[in-house]
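In the block that follows, a single chain appears as structure tokens, in the form predicted alone.
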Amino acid sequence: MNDLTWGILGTAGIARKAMLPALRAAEGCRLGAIASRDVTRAEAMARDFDIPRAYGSYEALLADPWIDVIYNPLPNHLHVPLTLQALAAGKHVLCEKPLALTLSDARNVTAAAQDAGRVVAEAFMTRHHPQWRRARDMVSSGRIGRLNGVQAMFSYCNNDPGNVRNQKAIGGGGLYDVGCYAVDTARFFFGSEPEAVSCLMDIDPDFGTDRLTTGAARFAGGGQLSFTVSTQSALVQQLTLLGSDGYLVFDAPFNCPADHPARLAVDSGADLLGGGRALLACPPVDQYRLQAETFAQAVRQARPDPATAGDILGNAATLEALARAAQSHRWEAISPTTNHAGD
């Protein structure tokens, strides 16, 4: 089968640093076009990555019949409208996280994808890294007993008022930018949807965005997620899976460099000094390349993947409930969805 031709919406940093190099290397994928509302920016990035076509509007790219797949790394408030436009134009869509800021928007996107017979997915590249698959296999096999808790921390420092992450009106803030990773992580490892959530936020007085957020989620059977994310703290990424008979610790859980052999520590909890600990290594991989190749494979199956819709809905429902809980200062129930966490 011919390679799938990808069109890129915008010139976001994540596209330049991660997805464009990944797509150039990915099997079955080729870069076809890039669009920006500033055509000079599109042309410059097209030159840098040998992209054949550059457009001065998103609409022009979406109208290009040569393009099979759209990658949407635009600011959060443009994820849903441009994804819907792409689906209406007959394109498959890989959209950066969070795909939707509300469950209602997530439902609109998944319904549109089903109606169009196109694949749409939220770009959680972490799910494609072998360390995540290996960790879930260990959890499923009982290596650490019953999974009781998922604990995550994801933090960086960005005080730039012009940065999209610091603009409340377009979906900025720590919960949506990196808290979504904690939500998707817990759904992935528990294999189910949370029942209720609570959330505490510290709001930046100038930006109006959450700069420090701590959340919790309760899953059926007693499993729990606890997480802290921040946009104005030290750089850190941590992930621990706590079981009844041991625990797993990730070396670099979310942004594992492509040249870094990811390490998992599995500990029986025999003592506090690591006496029951073993280190497992996964060879270096580009998780963005694996994400592109997996998405391309889903497109070639010629049918939407129901698990993809379930993840979009589940993540959106949980994030929406967390935002409500930060306002109400109470536990908030999760709005029901019809799907469960998928692959």
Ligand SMILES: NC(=O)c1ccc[n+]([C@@H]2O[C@H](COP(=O)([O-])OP(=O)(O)OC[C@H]3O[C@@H](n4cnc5c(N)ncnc54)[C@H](OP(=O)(O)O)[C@@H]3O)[C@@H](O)[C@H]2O)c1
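Everything numeric here is computed off the predicted structure, so don't read it as measured data. Position 1 is the first residue in the sequence shown; the rest follow in order.
Absent from the display: the form predicted together with this ligand. The rest refers to it.
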ask   = Of these, 261-269, 202-210, 89-97, 220-228, which stretch puts a heavy atom within 4.5 angstroms of this ligand in the model of the complex?
value = 89-97
ask   = Hey, in the model of the complex, does R134 get a heavy atom within 4.5 angstroms of this ligand?
value = no
query = If you check in the model of the complex, is M125 within 4.5 Å of this ligand, heavy atoms only?
reply = yes
inquiry  = Using a 4.5 angstroms cut-off on non-hydrogen atoms, would P73 count as touching this ligand in the model of the complex?
reply    = yes
inquiry  = in the model of the complex, is there a heavy atom of this ligand that lies within 4.5 Å of any heavy atom of I334, even though the partner is absent here?
reply    = no
key: The single option of A216, M153, L84, L78 touching this ligand in the model of the complex, heavy atom within 4.5 Å   = L78
message = Under a 4.5 angstroms heavy atom criterion, identify the one residue in Y181, Y247, F190, F250 near this ligand in the model of the complex.
response = Y181
ask   = Using a 4.5 Å cut-off on heavy atoms, which residues of 161-188 contact this ligand in the model of the complex?
value = V164, R165, I170, D177, Y181
